[in-house]
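Quick setup: one chain, the form predicted alone, written in structure tokens, and binding and motion questions come after.
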């Protein structure tokens, strides 16, 4: 195999870490020295070999560990995977897209053989070897969305399109940044985005919805989103707030480089062929501050972004308790030099 999968955890001892070779491929979300909400959507075409943008669905060294963590979350809370009855076809669309993409992009890890409706799927990293009838859920061990959702990194919402809006009618969500599928299921685009400050006033969501409603099949798009989190914990759901909320009290100037993680979401948007629904994968990447600052450009820029972040965003993203000490800690990596455009390290 070309990828060495890590044995690590996103809970308990928090043994998660990025290997030195994995750090430069991190999707650093800031193309310039300041940040404000924007639609920032671009075509999801292959870009830069070795980056998270090279393939349709990125697979990296954390794949097996993330899938084990997903299984733990679903065992504790099956409500993290829900699909309304009319989303069955969309689930099969999702399964097909992932299997075809992964078999094409990672032939040493995944193999798909199609004989009419009879499909044979091999997932070597997870030791899965299944034959099933496409379109017949009784030939899979669970709903097609859950079956493939347990084999692809990132959360996945599936949005039904009707009445000039998008509706969150299905999803497998186990690594979310403080939002709840159980609460949002059945909501429309503006309802589930209601808590976000400033963006409504700036017209960001109106423009985003207009774009998504006309998203064509075969032309996926992507954007990056970000927040910070304490410890490399994937599951920061409202349901488990008592487990992760108190972590904010543990941050000190001495441990902030180890504790605080930049949490980046690579969000992509895919029009599905049979259901006309939109698949919305949210792939989360985590990187400790100590790892971020190994790239001088990133350390320098992150200080400026955090220093000048609007108070409303500091509050909304839950950074208030440790934001001042983070800015002070990052300042040691800012020598005042100019930074180059774009997100990739120099």
Partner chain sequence: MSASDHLIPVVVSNVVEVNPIIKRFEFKHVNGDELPAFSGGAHIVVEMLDDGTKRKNPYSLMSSPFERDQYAISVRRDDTGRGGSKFMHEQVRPGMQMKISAPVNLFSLDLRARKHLMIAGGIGITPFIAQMTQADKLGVPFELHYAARSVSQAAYMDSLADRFGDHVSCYCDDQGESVDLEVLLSNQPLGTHVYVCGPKGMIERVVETASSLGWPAAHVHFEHFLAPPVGEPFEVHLAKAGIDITVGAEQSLLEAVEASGTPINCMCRGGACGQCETVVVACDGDIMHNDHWLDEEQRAAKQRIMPCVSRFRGKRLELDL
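Positions refer to the first chain, counted from 1. Because the structure is a prediction, the values reported are computed rather than measured.
Although not depicted, the form predicted together with the partner chain is the subject of the following passage.
Engineer: Give a yes/no on whether residue 258 approaches the partner chain to within 4.5 Å in the model of the complex, heavy atoms considered.
Structural biologist: Because no heavy atom of residue 258 falls inside 4.5 Å of the partner chain in the model of the complex, the answer is no.
Engineer: Test of understanding: in the model of the complex, would residue 113 fall inside 4.5 Å of the partner chain by heavy atoms?
Structural biologist: Close contact is absent here: in the model of the complex, residue 113 is far from the partner chain, nothing within 4.5 Å, heavy atoms only.
Engineer: Should residue 137 be classed as touching the partner chain in the model of the complex when contacts are defined as heavy atoms within 4.5 Å?
Structural biologist: No, residue 137 sits far enough from the partner chain in the model of the complex that none of its heavy atoms falls within 4.5 Å.
Engineer: Would you check, heavy atoms only and a 4.5 Å threshold, whether residue 246 touches the partner chain in the model of the complex?
Structural biologist: Outside the cut-off, so no.
Engineer: Quick check on this chain: which one of 250, 131, 219, 206 has a heavy atom within 4.5 Å of the partner chain in the model of the complex?
Structural biologist: Of the listed residues, the single hit is 219.
Engineer: Exactly one residue in 101, 180, 227, 89 has a non-hydrogen atom within 4.5 Å of the partner chain in the model of the complex; which is it?
Structural biologist: Comparing distances to the partner chain in the model of the complex, the residue within 4.5 Å is 89.
Engineer: Among 68-76, 171-179, 120-128, 208-216, which stretch sits within 4.5 Å of the partner chain in the model of the complex, heavy atoms only?
Structural biologist: Of the stretches listed, the one contacting the partner is 208-216.
Engineer: May I ask you to list the residues of 264-278 that have any heavy atom within 4.5 angstroms of the partner chain in the model of the complex, in sequence order?
Structural biologist: Read in sequence order, the residues that approach the partner chain (within 4.5 Å, in the model of the complex) are 273, 274, 275, 276.
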